[in-house]
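The chain that follows stands alone, in the form predicted on its own, written as structure tokens.
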């Protein structure tokens, strides 16, 4: 069916930018977020709400390659954020206690620490084109973290991260490729006396679910069991190791297109180090190996590696250069491999906190199962952008964000008698305000 292949082809746009998009959103919050004093709830809980609004522009709503299919549009974005967290218990300073006060057997510690919250975005496209306006939607990024006995020899951790990714499909569709991705983690950690060593076991479950029934052929589930250990060998040096065994499979499809996700049982392992060479230079590096063989499809048996060098060139400025070579499960095919090289600079100037960065990825897809083109694909993906925050007061800030993405590929997909080039260039610029209550 021509329409079904078109939907399948549109998933490429999601996978190409979804990983970078989520990371980009997280970075934006790191730089631009403000968090007020919050509102106490009971004796040990505080809620921190944040409201914001942005306006901006994008020159390519649907990430189209052909000039005749590019649609520019204004943007209106409303943002609501909230965090609920346990109060931090400060240790008692014995020098400030009364001499006649009765000494406690042990300093007060928290038996449970928790923090949860997230961000909701409503995006409205300000365009005269009905198809463009129909891409309006709500995106979400929610997370929660609970730790039982955080200072104990044994601690139990529960983490959950849910993302609703709302993206336009293509230039002729009223539907979007809205996807819900949830990652749940349960961990049991062991940290003996001295707290210089820490290790444990962790189970992670990841689910990707497309809301449109015609796109649910891409639904998947990933389960993985991790074992890891880290050792603070010096005050500013930590070594760590991690190994995992995973299970990847399809969640099935209730739509018109059969499920396409092949199963695999990937094995990964490696070790790394993070250290401060001096007060100005920091280094992180890791090396490992990964193996996966997809049932009836492709596979990989390759090293994993990465390195990061940080340089604090001033008390309020820092530059980070990083490189990584890794393999990931793919929504479009069996897996994709990335060579990634990135540069990021953070700088504060008076009330302005700014961040600029660029990255290039050499990406290879393998095991593309749908009959829309070749089973492999190679892309060069380049992204550059910047963001800035001007802090008016502790609770009020202005924010601005710019990002340009370029995806160049020789891959051609074919459906409906039409040959489609999924390469694209897209720029988005927004500016607005944030208020922390």
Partner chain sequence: MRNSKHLVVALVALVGLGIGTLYAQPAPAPGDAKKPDVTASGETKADLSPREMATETKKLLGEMEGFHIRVLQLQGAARKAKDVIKLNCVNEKLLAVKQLLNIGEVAQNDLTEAIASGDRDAQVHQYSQVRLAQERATSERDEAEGCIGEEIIFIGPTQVDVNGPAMPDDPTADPHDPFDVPSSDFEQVNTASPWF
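Numbering follows the first chain given and starts at 1. From a predicted model like this one, the values you see are computed outputs, not experimental measurements.
Beyond the structure shown, there is the form predicted together with the partner chain, which is absent from this document and is the topic of what follows.
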Between 143, 275, 110, 347, only one gets a heavy atom within 4.5 angstroms of the partner chain in the model of the complex; which residue is that?
275
Heavy atom within 4.5 Å of the partner chain in the model of the complex - the one residue of 301, 196, 153, 237 that qualifies:
237
Should the three residues 339, 354 and 434 be counted as contacting the partner chain in the model of the complex, with contact defined as a heavy atom within 4.5 Å for each?
no
Does at least one non-hydrogen atom of residue 177 fall within 4.5 angstroms of the partner chain in the model of the complex?
yes
Close approach of residue 121 to the partner chain in the model of the complex, 4.5 Å, heavy atom
no
Would residue 292 count as touching the partner chain in the model of the complex under a 4.5 Å heavy atom rule?
no
I'd like to know whether residue 369 contacts the partner chain in the model of the complex, with contact meaning heavy atoms within 4.5 angstroms.
yes
Per contact check vs the partner chain in the model of the complex (non-hydrogen atom within 4.5 angstroms), the hit among 187-195, 209-217, 72-80, 122-130 is 209-217
Do any residues of 393-411 have a non-hydrogen atom within 4.5 angstroms of the partner chain in the model of the complex? If so, which ones, in sequence order?
407
